[in-house]
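Here's a solo chain for you in structure tokens, the form predicted alone.
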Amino acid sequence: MKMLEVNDLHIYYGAIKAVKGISFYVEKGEIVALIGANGAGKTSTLRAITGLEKVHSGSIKYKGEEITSTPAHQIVRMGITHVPEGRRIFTNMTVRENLLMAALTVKEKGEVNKRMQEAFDLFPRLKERIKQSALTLSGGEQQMLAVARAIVTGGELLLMDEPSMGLAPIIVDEIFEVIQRLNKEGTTILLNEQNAYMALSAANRAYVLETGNINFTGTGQELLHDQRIQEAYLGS
């Protein structure tokens, strides 16, 4: 089943065409990666899907329902969660307060506690720092908190924007282990990632964006071993 369908998507910033008519889909249960250089249109695409960026033209469907003009808060309630580029955590709040903010759409207290425990099972360090200000967390811990917030919010489709940005390799490995574990537990994932090797290694399928266009597509393994992709994105 196609959980997400994007057709002929155009996004403009004034006269600048950031996304130029791209089309792609995400099947239920997949990890799908968008890779490409800075400025390729990856972040704009994710923001458009979650209602944070205005679409010039095109169609975005979630489970067959048109959501192109749906407000962001309704899209969250429909089951799409977004871990934004740059983490965007509330640094003036504690870890616990950040997670409770993420649970505002969850009505049952028991469900909130269950989801918070799931997040702590994935990121034990956050439980150790539950009363600590988010501002005092390391970069890796802040990224963990951003992912944990999405877990507490819930949803079937998780959009992740540059989850490895600025992190030490050991933390990147940890984040990608969590991504794959979430997927095995039933979450469908659309991943925007500059670390092409990690993204393609984890993804079922991938799309390569270059200056607002999709120029390559294939399974993660096909693209990982494609000489053109290796030369352009894998440093070989």
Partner chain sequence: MNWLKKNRKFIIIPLIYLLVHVLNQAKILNNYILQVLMLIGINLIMVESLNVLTGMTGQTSLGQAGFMAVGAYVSAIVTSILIPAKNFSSAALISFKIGKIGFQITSIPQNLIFLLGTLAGGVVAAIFGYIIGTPSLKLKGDYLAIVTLGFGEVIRQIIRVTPIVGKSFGMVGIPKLANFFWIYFFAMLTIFICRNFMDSSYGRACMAIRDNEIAADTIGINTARYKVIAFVYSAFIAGISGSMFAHTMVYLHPDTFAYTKSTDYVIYLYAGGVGSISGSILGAAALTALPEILRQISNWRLVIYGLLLVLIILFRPTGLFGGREFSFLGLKTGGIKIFHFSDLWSWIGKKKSVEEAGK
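What you are looking at is a predicted structure, and each value in this text was computed from that prediction instead of being measured. Residue numbers count along the first chain shown, from 1.
Keep in mind that the form predicted in complex with the partner chain is missing from the display, and what follows is about it.
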| query | finding |
| --- | --- |
| In the predicted complex, the residue from 137, 157, 89, 119 that sits within 4.5 Å of the partner chain by heavy atoms | 89 |
| Location of the partner chain contact in the predicted complex, chosen stretch of 161-169, 119-127, 78-86, 137-145 [non-hydrogen atom, 4.5 Å] | 78-86 |
| Triple contact flag 101, 131 and 149 to the partner chain in the predicted complex, non-hydrogen atom at 4.5 angstroms | yes |
| 4.5 Å heavy atom contact, residue 112 and the partner chain in the predicted complex | no |
| is_contact(residue 205, the partner chain) in the predicted complex, heavy atom dist at most 4.5 Å | no |
| Contact of residue 52 with the partner chain in the predicted complex (heavy atom, 4.5 Å) | yes |
| Contact test in the predicted complex: residue 107 vs the partner chain, heavy atoms, 4.5 Å | no |
